[in-house]
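Before any questions on how it binds or moves, here is one chain, the form predicted on its own, in structure tokens.
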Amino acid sequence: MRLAIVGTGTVGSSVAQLAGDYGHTVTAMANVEAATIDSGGIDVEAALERQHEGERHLGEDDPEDALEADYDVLVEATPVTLGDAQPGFGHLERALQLDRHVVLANKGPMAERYGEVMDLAEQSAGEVRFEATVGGAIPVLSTIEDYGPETITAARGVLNGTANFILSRMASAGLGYEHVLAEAQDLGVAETDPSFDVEGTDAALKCVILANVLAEGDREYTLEDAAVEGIKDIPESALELAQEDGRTIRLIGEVAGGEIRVGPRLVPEHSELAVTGTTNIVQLETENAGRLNLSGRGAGGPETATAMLADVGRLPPL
């Protein structure tokens, strides 16, 4: 497949670097400042080296031209935006209008404009796939697809590595939130502004996407439909009391009974949900196969890129 990659941060750059290993050719790469386009295949390493000097150095082409280039699959890896989900939604819309496939890491379009995306895909020869939007490298959506959404009665799990690192570190070291947050920032586990993670927004977006997939078009969910509580106000004493009772606290997202809830929950200390560090886990309750536990790395450049390239491999030729 020929790939056009829009968004060349950690994830997009990793897709570009790994694409050749999967037998694909990168024909366009674009960031907000510039693009490089070559229908015969671009020199990925040279382009990324130029970008290292500054985003405008990626190439001499206009970023908008990347959407019109010769490609089979648009890899959309721009940052998540809420509300209108732009510019990611616009990128997706243009690719589908051109009858190209779209593979997403950007959660915005699927969490905020799911119905519109599905309508656009229905009118296009291209398909939309978005495994990487839920759980990074963990094959959550493909498992639901294989089993059939109608057979999944509920989904829950730990869906944000930053929040999980903070909570598990607080519990294991007996440290307070602010101390552990600073540690996480020093390690690069938490952003300078960690609000998207610690307030539960990131986990909620993933749960909204799960809810939309499980609803199979019967209802459309957005972030407004989720009840969300973060971890900032959890005192060190709460974790100590939980440990005395053989339990711990995790930020749990759940989709069940048409409702979406994200917030701190008590879980048994040695249960599947008590994953540590930046590990994620998703539990799927099924009608016929019991509970499925899917865990692994929920973020990271190569990890998320692996999920996106797996999606590319699932697409039919155009």
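Position 1 is the first residue in the sequence shown; the rest follow in order. This one's a predicted model, so the numbers in the text were calculated from it and none came from an experiment.
What comes next is about the form predicted in complex with another copy of the chain, which is not displayed.
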Among the candidates Ser172, Ser142, Gln185, Ser124, the residue which, in the model of the complex, approaches another copy of the chain to within 4.5 Å (heavy atoms): Ser142
Scan Glu131, Glu112, Glu76, Asp197 and let me know which has any heavy atom within 4.5 Å of another copy of the chain in the model of the complex. Glu131
Does Thr306 make contact with another copy of the chain in the model of the complex, using a 4.5 Å heavy atom cut-off? yes
Touches another copy of the chain in the model of the complex: Ala137 (any heavy atom, 4.5 Å): yes
Within a 4.5 Å heavy atom cut-off, is Arg297 in contact with another copy of the chain in the model of the complex? yes
Using the partner position in the model of the complex, report whether Val32 sits within 4.5 Å of another copy of the chain, counting heavy atoms only. no
Within 4.5 angstroms, counting heavy atoms, which one of the listed stretches 45-53, 257-265, 281-289, 65-73 is next to another copy of the chain in the model of the complex? 281-289
Stretch 22-52 - residues with a heavy atom within 4.5 Å of another copy of the chain in the model of the complex: Tyr22
